[in-house]
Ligand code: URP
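Take a look at this one chain, the form predicted on its own, written out in structure tokens.
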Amino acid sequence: MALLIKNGEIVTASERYFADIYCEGETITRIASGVSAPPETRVIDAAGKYVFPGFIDPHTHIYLPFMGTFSKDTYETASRAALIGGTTTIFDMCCPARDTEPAEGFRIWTEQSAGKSACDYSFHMAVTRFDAASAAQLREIVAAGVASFKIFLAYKGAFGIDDGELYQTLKLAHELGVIVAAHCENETLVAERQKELLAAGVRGPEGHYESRPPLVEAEGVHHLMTFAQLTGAPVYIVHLSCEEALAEALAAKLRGVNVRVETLIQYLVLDASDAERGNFEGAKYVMSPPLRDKRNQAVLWNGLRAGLIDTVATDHAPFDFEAQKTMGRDDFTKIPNGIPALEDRINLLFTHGVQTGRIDLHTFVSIASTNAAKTFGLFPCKGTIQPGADADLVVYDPHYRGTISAKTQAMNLDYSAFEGWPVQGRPSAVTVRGEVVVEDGQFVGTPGRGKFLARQPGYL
């Protein structure tokens, strides 16, 4: 069925105007004022609302075996939550263990997602070891449409790679024309500090921050920048959290390193004091890198406004509090890392960014949609509103007022990191390739309709 969205204010990364949008055959076919359509056309009146391109979360962990447990969301639950929150495309990290062949990891993640996701999706392929066999498989995975790698400079003995593997991975990425997303923390410093803290009797969640202070992240960024400069590989720093790390990234940009920067919605609105809550409540907020001192929030907002930080993601990692976070009650190093935020990212970014005047609407669209589409090879099919683009659209009501709660969320876990927080705005309608999938906060789409987005290397 054709779709017509009328009377809305269209906002992209560079334009803002009133017009109607006509969609047919999964794509946008016409944008004009006063569009008429056949009687059988589905019509949405967007008067008084914004119409944004579908939002993209470039960093999620939907299926994740980690620290002796598994993430709670599935592609069914996570994709519904994403869509209710206005996110129409997700990038999931395909993270096989070090002793699992890359091809097997890619098969597992494909099996987990195919025919289950309600939104469109792609992968970043994690390189958790590098040798001749894995390199050959990585070439095949890139040929299958995964045009980005993920590496960890942390999690020693698990996902982490050594410097030789780092160098060879970046060389292969440069050869193939794929971008490398990197978790930047110095794994040796983390491991040594963890041992010292535990020996000193520090067991609670507060020890997590002390094991990974800002300098540990900054050193990880500096380390990556050196290798990226020498290999010429394009890199993407995931979940950058603090001023010290940003300074290292910007210094590298001035040297000509091809680097893009991501931060998370958590770092913009939460701070280290949340991870220090008593009665083990702080474990809900344990993530890596850790939540930082509140002063970093202004730095990150300024970086977004100035175009120094490219994207806002979630690093969505859903672990229950009662059954999973408590695995580390007596040892902070055993608390599963991560915060659930997939459903709340856009509303929090609009509430605390746009509604407060920290960022304008164009920046909002850029950092939550367009820049990710451009960085990872989806633009202009995704990330903008123009004829020929996929009809992924978000009709957004800036006048809506509501409250975040675990009781009403679609994410499949027992707590919300933003319990009781008010939001000012939410999607009133969401479409994926022309199909209406959300109406007034309720999922009404087709389970499993989301498709894998094959991407080609060499687009940077």
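Numbering starts at 1 and runs along the sequence shown. Since this is a predicted model, take the numbers as computed values, not measurements.
Heads up, the form predicted in complex with N-(aminocarbonyl)-beta-alanine (URP) isn't pictured, but that's what we're talking about next.
- For the residues 367, 287, 224, 179, the 4.5 Å heavy atom test against N-(aminocarbonyl)-beta-alanine (URP) in the predicted bound form is passed only by 287.
- A heavy atom within 4.5 Å of N-(aminocarbonyl)-beta-alanine (URP) in the predicted bound form is found for one listed residue only; from 80, 150, 345, 260, this is 150.
- Of the candidate stretches 381-389, 106-114, 315-323, 186-194, only 315-323 contains residues with a heavy atom within 4.5 Å of N-(aminocarbonyl)-beta-alanine (URP) in the predicted bound form.
- At the 4.5 Å threshold, heavy atoms of residue 124 stay clear of N-(aminocarbonyl)-beta-alanine (URP) in the predicted bound form, well away from it.
- At a distance threshold of 4.5 angstroms between non-hydrogen atoms, residue 292 is out of contact with N-(aminocarbonyl)-beta-alanine (URP) in the predicted bound form.
- Within 4.5 Å of some heavy atom of N-(aminocarbonyl)-beta-alanine (URP) in the predicted bound form lies at least one heavy atom of residue 337.
- By the criterion of a heavy atom within 4.5 Å, residue 155 is counted among the residues contacting N-(aminocarbonyl)-beta-alanine (URP) in the predicted bound form.
- Remark: none of the three candidate residues (374, 452 and 455) comes within 4.5 Å of N-(aminocarbonyl)-beta-alanine (URP) in the predicted bound form, counting heavy atoms only.
- Residues of 64-91 placing a heavy atom within 4.5 Å of N-(aminocarbonyl)-beta-alanine (URP) in the predicted bound form: 66 alone.
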